[in-house]
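Okay, here we've got a single chain as structure tokens, the form predicted on its own, with questions on binding and movement later.
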Amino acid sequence: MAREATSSSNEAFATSVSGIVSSLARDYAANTPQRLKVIDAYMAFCVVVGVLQFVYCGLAGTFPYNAFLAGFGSAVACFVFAANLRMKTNPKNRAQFPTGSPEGAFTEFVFCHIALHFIVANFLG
């Protein structure tokens, strides 16, 4: 009897989680502007690159440690720059960034990336 109760509660939990995820995906697809979806895809790419570098470092070793630090730091910094760009270009955040424009935020994003890649190239040697 206890096993049946646990099984039914697990099924209810799975149903509620899948319902929440599907509702979230539906709302995201319907209410998120295309520009923010592109930024989100870039942020997901940065996370994947960082995870792959971390896994590779764990499996293959840390021989060129400065290369790992530069690559992983670059992935993290790119994610942070993209998060900043997303915050500043989101139409729902206009009240928090009243003086900025999406074009200005993109300009900051580009210049920060240029500076970051100069630093990473310098760090590599």
Partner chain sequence: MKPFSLVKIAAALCVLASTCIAAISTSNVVVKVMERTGDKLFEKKLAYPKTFDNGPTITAATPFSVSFDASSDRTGKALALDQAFVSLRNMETGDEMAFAAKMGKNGSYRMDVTRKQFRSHLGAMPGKHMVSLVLGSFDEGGLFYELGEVQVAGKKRIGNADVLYGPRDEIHHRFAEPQRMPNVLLSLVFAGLVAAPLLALVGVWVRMGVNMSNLAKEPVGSSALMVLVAAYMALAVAYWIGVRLLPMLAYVLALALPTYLVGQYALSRRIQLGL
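Numbering follows the first chain given and starts at 1. All values reported here derive from a predicted model rather than from experimental measurement.
What comes next is about the form predicted together with its partner chain, which is not displayed.
Asks: Consider the chain as shown here, without its partner, and state which of Val76, Ala83, Leu69, Val38 has a heavy atom within 4.5 Å of its partner chain in the predicted complex.
Replies: Contact residue from the list: Val38.
Asks: Do Tyr56 and its partner chain come within 4.5 Å of each other in the predicted complex, heavy atoms counted?
Replies: Because a heavy atom of Tyr56 falls inside 4.5 Å of its partner chain in the predicted complex, the answer is yes.
Asks: For Ser18, is any heavy atom within 4.5 Å of its partner chain in the predicted complex, or not?
Replies: Contact with its partner chain, no.
Asks: Verify the contact flag for Glu103: yes if a non-hydrogen atom of it lies within 4.5 Å of a non-hydrogen atom of its partner chain in the predicted complex, no if not.
Replies: Contact with its partner chain, yes.
Asks: Tyr42 versus its partner chain, in the predicted complex: is there a non-hydrogen atom within 4.5 Å?
Replies: Taking the distances in the predicted complex, the answer for Tyr42 is yes, it comes within 4.5 Å of its partner chain.
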